[in-house]
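Okay, so we've got the same protein chain twice, two forms, each given alone as structure tokens, structure 1 and structure 2.
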Structure 1
């Protein structure tokens, strides 16, 4: 089992070890898993402070991810609250419409979205990219399940005390579903950070590029410097590994619970 596990991780181990080596040692065979000559600082400095500017891509990705998470969590949580704790006419029909949008594959609407973006001036902007990724039925669905587990008595008694929905939502409901919000926010982070297709189509200016576009551009520009390319890929994966290791229970639990595949 351990052996299969290690074989499974070999591509990562190779990547990490190649990023530590001087270029000449990258393709030496048999593979030097632990580098004989170290070139860590030089490699990573060249990637982070060289040209194309990796720092900028990082900053762009962080900006886009944080904005997407914020908008997505707030709108999903509000809608989820409405669909589970407020009784209003037309609610179930609306919820079914929301669920139906989940069946529309993102790739099918790329062409009209692109045309719309060109005419609205949202093309080649970060905010356009954020808006595109912020509205998904998935978050509403996941958080609705969470709100359903709150007993209605909590809400009724708050209402009797004179609290409005806004107050109940912010001070009672949201704190009670915090773990679910965290799970959704982390999954949203992983999906946004990893997204390649939307930035590829909706961004044009190199100074707006996210890490995923940046790393590909970097790989093209650096050409044959494989040690540098590997240092770049390591840097692109690093935030995901950190978030995943810190919150693996949330990530794995969320995946198993919702059975979701971004």
Structure 2
């Protein structure tokens, strides 16, 4: 297991090592895992304060990710509550249709989405990118399983006391599924932050680029600067590492609860 773990870590270690080296040493053979010549400050200064404006791309990624998480959690939680606790005609059929949309590869709907966004004026905007990723069949499914674990007696008691579904959802159901909400929010953040395809297709203006597109700008007609690309990549994964370290208990706990109660 230790050997397998080290093998999986090798690409990350190489990336980190390359971000510390001068460009000429990146592909030296045999590999210098510990650089002989250090170029750390120059590389990271060129990434963060040079041209292209990596700091702007970083801010764009944070903005898009936070907005996507907020909207996605709200829409998925409300849909999940409706599919689990509100009885209406055709509910189960509609839920199956929602699940079926999860089976459709994202690439299959890119062209219709592109045409629709152009006609609605959402192309090349952050709002368009946020809306594109704010509605998730997987999130609805995950949170529906969580809401189904809440005993109906809680809901019925609240109804008897005169509470409507909106109040029951906000004040009773939502607090009871907080571990699942946290898990989904963290997973949504990781998916959105790492997404390369959607920004590539739906953004054109360089000032709107996210980190994943911004890293590409270290490669141009004159060549590819792998030391800078690796420094940018190390910078890009930093929020993911921080979020995981801070929230790993929620992720593991949420997945464990989902496995038991789902």
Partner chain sequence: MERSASQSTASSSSKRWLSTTAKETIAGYLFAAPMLIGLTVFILIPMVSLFFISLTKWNFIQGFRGVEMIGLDNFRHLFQDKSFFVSMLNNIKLLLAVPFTLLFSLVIAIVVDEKVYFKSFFKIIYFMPYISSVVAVAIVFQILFHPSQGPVNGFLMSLGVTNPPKWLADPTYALPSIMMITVWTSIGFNMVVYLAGLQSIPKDLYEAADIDGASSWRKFRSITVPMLSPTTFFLLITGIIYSFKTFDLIAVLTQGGPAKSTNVMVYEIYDQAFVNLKMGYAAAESVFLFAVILLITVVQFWGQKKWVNY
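Positions refer to the first chain, counted from 1. Predicted model, so just to flag it, every value in this text is computed and none were measured. The term rigid core refers to the maximal set of C-alpha atoms that superpose within 1.5 Å between the two forms.
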| item | value |
| --- | --- |
| Identity of the form predicted together with its partner chain, given as 1 or 2 | 1 |
| Residue shift check between the two structures, rigid core fit, residue 43 Cα at least 2 Å | yes |
| Residue 32: Cα shift of 2 Å or greater between the two structures (core-aligned) | yes |
| Rigid-core-fitted C-alpha displacement of residue 22 between the two structures (angstrom) | 4.8 |
| Per-residue CA shift, residue 7 (Å; core superposed between the two structures) | 3.6 |
